[in-house]
Ligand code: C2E
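Here you get one chain, nothing else, as structure tokens; it is the form predicted on its own.
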Amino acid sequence: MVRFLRMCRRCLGFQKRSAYVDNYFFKANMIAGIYMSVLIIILELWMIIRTTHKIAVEDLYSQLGYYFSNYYIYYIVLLTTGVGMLTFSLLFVTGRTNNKFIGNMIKWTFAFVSIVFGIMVSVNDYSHGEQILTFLTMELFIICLLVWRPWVGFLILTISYLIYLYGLGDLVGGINDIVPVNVAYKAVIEGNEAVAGITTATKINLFTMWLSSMLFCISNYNKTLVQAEKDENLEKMNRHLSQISVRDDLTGIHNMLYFRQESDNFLRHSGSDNKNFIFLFFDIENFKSYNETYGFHKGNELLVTTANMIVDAFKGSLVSRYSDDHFVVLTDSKDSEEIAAKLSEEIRKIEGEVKLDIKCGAYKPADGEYDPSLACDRARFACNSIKKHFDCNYRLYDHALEDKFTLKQYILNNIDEAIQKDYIKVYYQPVVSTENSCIVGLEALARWHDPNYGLMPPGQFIETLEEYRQIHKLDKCIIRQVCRDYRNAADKNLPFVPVSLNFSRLDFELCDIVQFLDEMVAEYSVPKAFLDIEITESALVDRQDLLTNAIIRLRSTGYKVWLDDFGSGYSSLNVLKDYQFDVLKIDMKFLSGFTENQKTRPILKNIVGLTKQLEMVSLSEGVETKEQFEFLRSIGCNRAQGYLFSRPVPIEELRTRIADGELTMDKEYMIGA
């Protein structure tokens, strides 16, 4: 019942409407008003011309007063209101006025005059035995072309019809001197007095028109209401989409889409004043540890707090969230370094168990530079250059960084070409047995022979490729070359030992590296026993969920998996507990203080003992002296790797040194003669 009543209230127009819907109805009526007023103006001008012509032709000048009071006055008044309606409607539609109060007054006046005109003319016509089409036309005009709330339409229709009936003398107290002349109805004469009234057919027709107009009014209103609400919802959705397209969901500040658009406009309109602008890149130091310690909720609160702090610090400037815990600012402030220092102080006050700080990289665009993305990259590069530098929280991009940044961009722009043109080469570093000093394996390491930069060591390009998520391209290239080298050695009956391949954590995110490895093994017919996979300890700490299944897949299909850089992280023992490895590769840092630091020896001895208990092979990298090697042998370390035996070298040089007797391969591990 309640639902039915609510539906009735809505259908009859009693329900409260939103401002948008009200505006929609008003606009619809103004547009309809244009059509109606144009038609009214044309008709009234035609009627004035027609009546004037009739008076002139039939020489009715003596009745000019009659025609003026019964016709001209109505034509002129309706013509005037039509001109008023047309004028306001055009002004509204073209955006020159938005005064709805005046508009509604004109609409009501226009409707009132039109209906009165219809009543007066039709009453006069009916008294002469003519039709009542003028009244009906005006009713249809006002009720059906304009959109009214149904209850308002009901009042307009009912009152106007009653007034019309009163004018015809059919109502008590009405005018009594109208006697319709109609073929279907003869006036009844009682004595010398005519009986006023209208025909039954006319009454039925009038009621039918009233009912039809009322139903159309209800239908027109509800159809317009549905469309208005649909458009309102669509506009709300568009506003929401527009807002989220330029706003960051978490912090509420602008996102990078907005930042790039607006900063590009700033730079282009500033012209020669570009040098007054500076791009700032902020990075919360140790945010990841904060997140892990306090949870994502607290981490999100920190991001919101930091965003508000930066916005407050750079009032009037363009501030956006770049990504994760990174923010960018475009400002003309000359005190950016001092402001960055104050932000650093504020962030440090938040820290609890985790030491927080905020780093800032800055870049000033040169004249004619209009690329916000490049400017942000350079500011970010400057920021990254001071990460982990606890005594520095601000760095301006300069020529020293320019060279590094140029190389970085070169690496990203040319990695695909380098792979295609075989600029990427595999260098092999031997792994020897501590029992006989013979080579039992090789580690495949990437080198970039670039036509412009010459030989680039991995430190120059691997970090960049990892940062920009391109490292999987390099690692897949190395896998293919190693498999090809094996196939070449097997076909020529040349000696070859197992090779270890370094996998990045990103390899498992960016592609199915295990599947690619299987494809290469199948293509070049490489025994899986000749390929070992090195995974760093830090990779396992970062993405335990991702790598667990990958390690299981690798070991279950016949590959050996090594734990690389053991001891470089803070959770090494947890990693040993949670995963199964075949080889434990001890980080070279343990041997860096071998002579001076007396703690090194017992630590290494215990690590090697632990590997034996876990049934793993121990391998120590970074061996540079015979003393180190002899110590490793004495404590039972199985394998060693380092410059004492060989630097990483191309396969051809390695074969030459083996042929010359400088290096020896352990026959137990190799293929070929």
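Residue positions are given as counts along the sequence shown, with the first one as 1. Given the structure is predicted, the values throughout are model-derived calculations rather than measurements.
Separately, the form predicted in complex with this ligand exists; it is not shown, and the next lines address it.
Look at 496-504, 384-392, 78-86, 513-521: in the predicted complex, residues with non-hydrogen atoms within 4.5 angstroms of this ligand sit in 496-504.
A residue is said to contact a partner when one of its heavy atoms sits within 4.5 Å of a partner heavy atom; Pro458 meets this definition for this ligand in the predicted complex. Ala313 falls outside the set of residues with a heavy atom inside 4.5 Å of this ligand in the predicted complex.
At a distance threshold of 4.5 angstroms between non-hydrogen atoms, Leu343 is out of contact with this ligand in the predicted complex. At least one heavy atom of Glu621 is located within 4.5 Å of this ligand in the predicted complex. When this ligand is considered in the predicted complex, only one residue from Met256, Val116, Leu140, Leu445 comes within 4.5 Å through any heavy atom, namely Leu445. Only one of Ile462, Ile347, Ile551, Leu401 lies close to this ligand in the predicted complex, with a heavy atom inside 4.5 Å, and it is Ile462.
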